[in-house]
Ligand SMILES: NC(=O)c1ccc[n+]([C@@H]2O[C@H](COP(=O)([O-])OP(=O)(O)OC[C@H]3O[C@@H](n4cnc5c(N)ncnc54)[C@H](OP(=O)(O)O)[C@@H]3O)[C@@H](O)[C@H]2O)c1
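Coming up is one lone chain in structure tokens, specifically the form predicted on its own.
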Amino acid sequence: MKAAVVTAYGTAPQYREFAEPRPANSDEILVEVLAAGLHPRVRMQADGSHYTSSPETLPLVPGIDGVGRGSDGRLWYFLSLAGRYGSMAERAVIDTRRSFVLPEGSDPVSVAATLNCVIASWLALKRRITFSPGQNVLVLGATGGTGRMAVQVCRLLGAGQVIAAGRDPERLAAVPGATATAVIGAPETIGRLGPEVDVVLDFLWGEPATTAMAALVAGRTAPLRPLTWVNLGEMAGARAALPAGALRSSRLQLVGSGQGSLTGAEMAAEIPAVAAEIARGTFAVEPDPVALPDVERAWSRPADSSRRIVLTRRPDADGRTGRQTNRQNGWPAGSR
């Protein structure tokens, strides 16, 4: 089969032949991959910087999730988090226990663009901490794709205030659903929020986490009020110098949410609810479709927080990449 293939960390995947995977047990099936999102996590997987990376998996097909069509015509959303077989290929083996049949009318490309952006913060609030409606949340890195979506997730799950924190005031002002904003790099703006924040969803780590953590704790007027800090990413750096005084002078709890801290079953259990919200139109990330043969070109394009590159099965008939009609793509009637 054809696939995007990483042969060395730090190099863009190439469109080439790769051995086709085979189901290993009765819970696995082979699907035709229709769409796979190029998420930040996928880029880290391909350049070897993710904490799960290992040279032993090279060569590998990147891609951590996707939408595929089974032999019976059903559309599946699936996770692909282990080994060298990812979702950016013509075909993939999926574990039906860790996958979900999409609702009637689902658009594979939109689902591939949106679900991963939503599930990160959804899992953090639903599975990694005890989150109660009315609690106030600070989203650190709210101008990125997953951060923007986290603001909407917090509102849907009943947060009181949702504070969007980022570096660019203009982009912060455009984040939908935020009740307030805070500029990273101006610690005093975050410090003023200290007394009210209950949960931090941190997509940045690195120096911004160090600065924001110190400012939040310093601004707390009730040190015994719990503050739960959930790390979901490291877009600003893999290491942060934690202020020891902040840990001892407050009820600050540090939690991570991601592969390894959650089981595949826990992740899969939340997919139906998220997929249903996407089908209702609650969440939507504008897809930027690129045909799988053009994966190298897709890799060189800068990230856009308002859109998500999605690798698709085929180019349009006129040579452009993107979505087509159901019959052109071979998707089941009514699947759009």
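Residue indices: 1-based, along the sequence shown. Fair warning: this is a prediction, and the values are worked out from it, not measured in the lab.
Just so it is clear, the following notes concern the form predicted in complex with the named molecule, a form of the same protein that is not shown.
Task: Candidate site P62, P287 and P289: all three near the named molecule in the model of the complex by heavy atom within 4.5 Å - done: Negative, none of the three is within 4.5 Å.
- [ ] Spot the stretch among 24-32, 37-45, 289-297, 275-283 with residues whose non-hydrogen atoms come within 4.5 Å of the named molecule in the model of the complex.
- [x] Only one stretch passes the 4.5 Å heavy-atom test: 37-45.
Open item on the list: Taking any heavy atom pair closer than or equal to 4.5 Å as contact, tell me whether R171 reaches the named molecule in the model of the complex.
Closed with: Output for R171 is yes: heavy atoms within 4.5 Å of the named molecule.
TODO: Report whether the minimum heavy atom distance between R167 and the named molecule in the model of the complex is within 4.5 Å.
DONE: Close contact exists here: in the model of the complex, R167 approaches the named molecule to within 4.5 Å, heavy atoms only.
- [ ] Report whether the minimum heavy atom distance between L204 and the named molecule in the model of the complex is within 4.5 Å.
- [x] It does: once the named molecule is placed as it appears in the model of the complex, L204 has a heavy atom within 4.5 Å of it.
Task: Contact flag, M235 vs the named molecule in the model of the complex, heavy atom cut 4.5 Å - done: Within the cut-off, so yes.
TODO: Select from the listed residues L138, I94, A178, A120 the one whose heavy atoms reach within 4.5 Å of the named molecule in the model of the complex.
DONE: Of the candidates L138, I94, A178, A120, A120 is the one lying within 4.5 Å of the named molecule in the model of the complex.
- [ ] Taking 4.5 Å between heavy atoms as the contact cutoff, choose which of N116, S99, S80, S110 touches the named molecule in the model of the complex.
- [x] By the 4.5 Å criterion, the partner-contacting residue is N116.
- [ ] Within 4.5 Å of the named molecule in the model of the complex, which residues of 144-160 have a heavy atom? Give them in sequence order, or say none.
- [x] Residues within 4.5 Å: G144, G145, T146, G147.
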